[in-house]
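Presented as structure tokens, the chain that follows is alone, the form predicted on its own.
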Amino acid sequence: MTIKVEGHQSELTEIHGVELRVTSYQIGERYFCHVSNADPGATIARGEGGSRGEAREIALSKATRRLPNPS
């Protein structure tokens, strides 16, 4: 069985002053999102959902809770 990754997208965003890389893709019927530090690339959070938006929302919500708020 071959796993095929489709619709790979990557973007930069910032949460609490930390630059992050948000990568999303589809495997089969599911979408996945991976949030990592832009540099050095350490994983902060992951999300999975039935749509790209759902997976992204889950991953970014986790990342927001895990990163320290500077205020």
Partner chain sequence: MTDYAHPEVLVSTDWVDEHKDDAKVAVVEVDVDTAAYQEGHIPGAVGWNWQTQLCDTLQRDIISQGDLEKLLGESGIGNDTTIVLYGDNNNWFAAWALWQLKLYQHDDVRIMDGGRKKWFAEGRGVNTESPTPEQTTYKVKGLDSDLRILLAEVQEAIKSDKTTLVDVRSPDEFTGKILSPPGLPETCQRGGHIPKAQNIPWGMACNEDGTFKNADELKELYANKGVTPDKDVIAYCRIGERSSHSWFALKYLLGYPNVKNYDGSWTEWGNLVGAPVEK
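Numbering follows the first chain given and starts at 1. Since this is a predicted model, take the numbers as computed values, not measurements.
What comes next is about the form predicted together with its partner chain, which is not displayed.
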item	value
4.5 angstroms heavy atom contact with its partner chain in the predicted bound form for residue 52	no
Partner contact for residue 21 in the predicted bound form: its partner chain, 4.5 angstroms, heavy atom	yes
Proximity of residue 8 to its partner chain in the predicted bound form, heavy atoms at 4.5 Å	yes
Sequence-ordered residues of 32-61 touching its partner chain in the predicted bound form, heavy atom within 4.5 Å	32, 34, 37, 39, 40, 41, 42, 43, 44, 46
